[in-house]
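Before any questions on how it binds or moves, here is one chain, the form predicted on its own, in structure tokens.
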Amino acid sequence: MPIATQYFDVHQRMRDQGVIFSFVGYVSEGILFSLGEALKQKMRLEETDANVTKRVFSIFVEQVQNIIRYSAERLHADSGTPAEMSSGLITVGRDATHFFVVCGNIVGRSEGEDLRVRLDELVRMDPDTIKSYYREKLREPPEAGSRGASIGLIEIARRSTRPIEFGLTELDADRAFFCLKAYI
């Protein structure tokens, strides 16, 4: 199959699934900023409601920060300069009624199981319980090993208009692929 046909097929399958924005590869805070600006501009050009744009952008940022902080695929600078990049994928799309933001990245299996436990708990909560839990966690110090404020997943669940979807696919004895989808 000619290369243009192969990539046109990929392009068409993504469009058929409602994908309006997608990135796969290594990300950093600088790339997050640039991707975020492109996403906001795309939604402005399509005259998306400002509140919807804000929610999509907020979840997008939380998900890319999770890739940056927790992906098991990382590149570190050897020059002594504090710089690193983490690998993952981020997709923003729209179905008939909702926008969606999907992220995926490789994690250690034990970290993946911790994520599964936390997300199983969040999925069982109704919106009022998630709000109360969010306020409770804001008052607590960050959890040991957290590279953020330990509230990113709660923030994603709080801003989602439907229950979040997630899953883990085991890759080998030490690693799994983690995926999270939120709807707005």
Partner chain sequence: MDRLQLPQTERSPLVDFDFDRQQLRLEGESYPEDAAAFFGPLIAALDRYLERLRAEPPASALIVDLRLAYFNSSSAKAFMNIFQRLEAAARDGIEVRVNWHYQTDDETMMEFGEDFREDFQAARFELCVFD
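Positions refer to the first chain, counted from 1. Please read these numbers as outputs of a predicted model, since none were measured by experiment.
A second form of this protein, the form predicted together with its partner chain, is not displayed here; the remarks below concern that form.
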item	value
4.5 Å heavy atom contact, residue 118 to its partner chain in the predicted complex	no
Residue 42: touches its partner chain in the predicted complex, heavy atom cutoff 4.5 angstroms	no
Heavy atom of residue 134 within 4.5 Å of its partner chain in the predicted complex	yes
In the predicted complex, residue 124 touching its partner chain (heavy atom, 4.5 Å)	no
Interface stretch in the predicted complex with its partner chain - options 18 to 26, 158 to 166, 5 to 13, 172 to 180, non-hydrogen atom within 4.5 Å	158 to 166
Residues in 27 to 47 with any heavy atom within 4.5 Å of its partner chain in the predicted complex	29, 32, 33, 37, 40
